[in-house]
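Take a look at this single chain, the form predicted alone, given in structure tokens.
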């Protein structure tokens, strides 16, 4: 079990309360597909992913980015039980979708970049540490079925 400080808890909750899922989710997921093009192989049914403009403008990409944000929101609400919270998604991604678990780390890195760009100077080292700790535990939890 992960130990969360009061600062970490409040910071994570504050970040997710203030960010616009409809902007941040699509931006982070688009960034992941553009920066790491091999991640596109799981989204062949999304239509045109041939270049950055197509990815950014793709409504399926935007929708999945928002889905990712709502999935993370579940974790924010269950910070003391992240492994259990993501158990079903871990099984889905490993056994049905066969997603490379390294991709969870890639999307978390892209999300960190997008959140940092939105928060500006408020994205201090301490805030980044709290966010990345949370995302690392989510990534671990999503990859748990693979171990």
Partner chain sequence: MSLTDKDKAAVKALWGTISASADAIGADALGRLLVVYPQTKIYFKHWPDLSPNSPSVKNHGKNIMSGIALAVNKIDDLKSGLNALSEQHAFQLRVDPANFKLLSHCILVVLAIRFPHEFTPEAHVAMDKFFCGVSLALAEKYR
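Computed from a predicted model, the values in this text were never measured in an experiment. Numbering follows the first chain given and starts at 1.
Keep in mind that the form predicted together with its partner chain is missing from the display, and what follows is about it.
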| query | finding |
| --- | --- |
| Options 39 to 47, 77 to 85, 106 to 114, 64 to 72; stretch whose heavy atom lies within 4.5 Å of its partner chain in the predicted complex | 106 to 114 |
| 4.5 Å heavy atom contact with its partner chain in the predicted complex for all of 52, 121 and 126 | yes |
| Any residue of 21 to 47 that, in the predicted complex, places a heavy atom within 4.5 Å of its partner chain | 31, 34, 35, 36, 38 |
